[in-house]
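Coming up is one lone chain in structure tokens, specifically the form predicted alone.
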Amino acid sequence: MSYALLASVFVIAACGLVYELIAGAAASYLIGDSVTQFSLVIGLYLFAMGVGSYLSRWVVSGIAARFFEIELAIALFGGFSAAAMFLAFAHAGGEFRLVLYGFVLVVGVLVGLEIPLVMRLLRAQLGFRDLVAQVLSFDYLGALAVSIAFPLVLVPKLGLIRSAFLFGLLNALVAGWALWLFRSQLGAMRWRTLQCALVAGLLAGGVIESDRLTAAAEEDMYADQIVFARSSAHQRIVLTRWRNDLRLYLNGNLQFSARDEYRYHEALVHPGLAAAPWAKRVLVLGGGDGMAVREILKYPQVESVTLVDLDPEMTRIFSTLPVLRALNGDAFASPKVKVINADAFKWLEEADEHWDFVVADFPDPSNYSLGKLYTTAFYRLLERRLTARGLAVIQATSPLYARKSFWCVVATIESVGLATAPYHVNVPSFGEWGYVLVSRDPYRPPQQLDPRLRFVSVETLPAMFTFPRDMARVPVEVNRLTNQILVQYFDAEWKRAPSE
């Protein structure tokens, strides 16, 4: 019996950590600011576990029965937690945080009750020293196993909702196992067996129907029809369509609209690349949709384009799905293009090549993992990889809605000794959007541009480099790895943006 219970400790430890990770991941997907959300979730969860452990002192009789009941309760609350969170976000609006933190507290208290009860069940069979050592060892091993499986298997292969149901089912199976182990100590066996079967059946149904539940939640989150949705190891990728407008969302944040993405990508590439007619080797960091590469390939003198994007799922779908290949002009099929899936920061740190033109098309600095790509450390790496006359362009969020954020990017680049030429354009899906051209020498605008361009022209270039008063430069701090002030600016400004 002792080994059976110790095996149960391994399972319940894995389940307990999965619910915590799912809550943190869902919060960072839906709210943003992953560091804050994970910190809050972990803190509340550990606090709740402490409360549960304290409450276990009042369980003085019927230990096996209480353990069985707690396992079923965890199975229900933990198993349905992810589905409830996503549906609450779609329907409850501002009440979402109450649902999120409510589940964290309830599941945390229940998980906190588990281990003390298991230890009391094992107390008659193991000495105190062996009891503590073995229970904690199996507990930590279960946590290790799931912490490895969560980013590598559970999120990309199963998704958050199916993972929650699956591990809830495991909790229900542990309850069934306890029911069999302690059958001599438990009464009302038929009723308890029926309870266990009912909960397990609900959770098994959830595992089977999780795709429909996910689709239902996302259909309410997005205004348009969802035509593609997939979780990768790094993000949730969703494509929506309304008439001829295809939109890409990453973790719920709009990345482009097919109706006006040409404005964004023409403005990103052509003011810089047209000013560097000598540019033969081009590097794109981020930009896994291939749109920037499409614009770069319009220059016949470009001999090679290296694209470095973290998520292989992004580059895969944009190089295989016909509707997306049509959008990027089948850019990834060009023999000039080489795709590398890697972390841009680490990859640039290890690179030993030099490029004539670099495009940094990263998502906005909404969290610290993205914020590092806008720091002095990153821009020093970038400077080392530019040729003597090389130029780079950085997408730098909105100078209207995130004014401090935009000028923080400019100030950070200048702090490493590079010259900057900030500019902005209007992209209807986003509003006013900002970019920064980077070089060792002052920027000189091109005298001609490809006449096939739909938006950018020589005549409109001067206005792009002129900032009106409400977007003019403001004093800001430099963004460093040690302070990540840009993430704080960005979070504060975009929270206010809708009401401005």
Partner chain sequence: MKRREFLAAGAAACAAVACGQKAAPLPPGTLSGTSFGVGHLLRTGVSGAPVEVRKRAVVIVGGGVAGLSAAWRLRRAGFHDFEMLELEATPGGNARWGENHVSRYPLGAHYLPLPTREARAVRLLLAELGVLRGDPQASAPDYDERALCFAPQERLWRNGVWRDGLEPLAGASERSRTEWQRFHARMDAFQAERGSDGRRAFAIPMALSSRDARYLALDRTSMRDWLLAEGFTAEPVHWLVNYGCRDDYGCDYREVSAWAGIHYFACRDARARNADADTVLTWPEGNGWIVRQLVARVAPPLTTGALVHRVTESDRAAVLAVHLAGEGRSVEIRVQHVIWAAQLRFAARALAGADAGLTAALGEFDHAPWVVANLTLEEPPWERYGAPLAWDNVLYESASLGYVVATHQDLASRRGPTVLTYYEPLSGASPAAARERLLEATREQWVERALAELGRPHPELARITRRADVFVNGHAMVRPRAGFLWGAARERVLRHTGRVHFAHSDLSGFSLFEEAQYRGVAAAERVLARLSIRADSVL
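Positions refer to the first chain, counted from 1. Note that the structure is predicted; figures quoted are calculated from it, not measured.
Although it is not shown, the form predicted together with the partner chain is what the next lines describe.
S.K.: Find the only residue in Thr420, Ser369, Thr315, Thr306 having a heavy atom within 4.5 Å of the partner chain in the model of the complex.
M.R.: None of the others qualify; the residue that does is Ser369.
S.K.: Counting any non-hydrogen atom inside 4.5 Å, which residue from Leu373, Leu327, Ala351, Val99 sits next to the partner chain in the model of the complex?
M.R.: Of the listed residues, the single hit is Leu373.
S.K.: Taking the partner as it appears in the model of the complex, which of 180-188, 195-203, 101-109, 361-369 has residues with heavy atoms within 4.5 Å of the partner chain?
M.R.: Contact criterion met by 361-369 only.
S.K.: For the partner chain, considered in the model of the complex: do all three of Arg259, Gln395 and Met464 come within 4.5 Å of it, counting heavy atoms only?
M.R.: The answer is no: none of the three residues contacts the partner (heavy atom, 4.5 Å cut-off).
S.K.: Classify Phe345 as contacting or not contacting the partner chain in the model of the complex by the rule of any non-hydrogen atom within 4.5 angstroms, answering yes or no.
M.R.: Yes, Phe345 is a contact residue.
S.K.: At 4.5 Å between heavy atoms, is Leu481 in contact with the partner chain in the model of the complex?
M.R.: Heavy-atom contact with the partner chain at 4.5 Å: present for Leu481.
S.K.: How about Arg120: is it within 4.5 Å of the partner chain in the model of the complex, going by heavy atoms?
M.R.: Arg120 lies outside the contact set for the partner chain.
S.K.: Can you tell me if His424 lies within 4.5 angstroms of the partner chain in the model of the complex, counting non-hydrogen atoms only?
M.R.: Flag for His424 set to no.
S.K.: Give, in sequence order, every residue of 376-409 that has a heavy atom within 4.5 Å of the partner chain in the model of the complex, or say none if there are no such residues.
M.R.: Contacting residues: Thr376, Ala377, Arg380.
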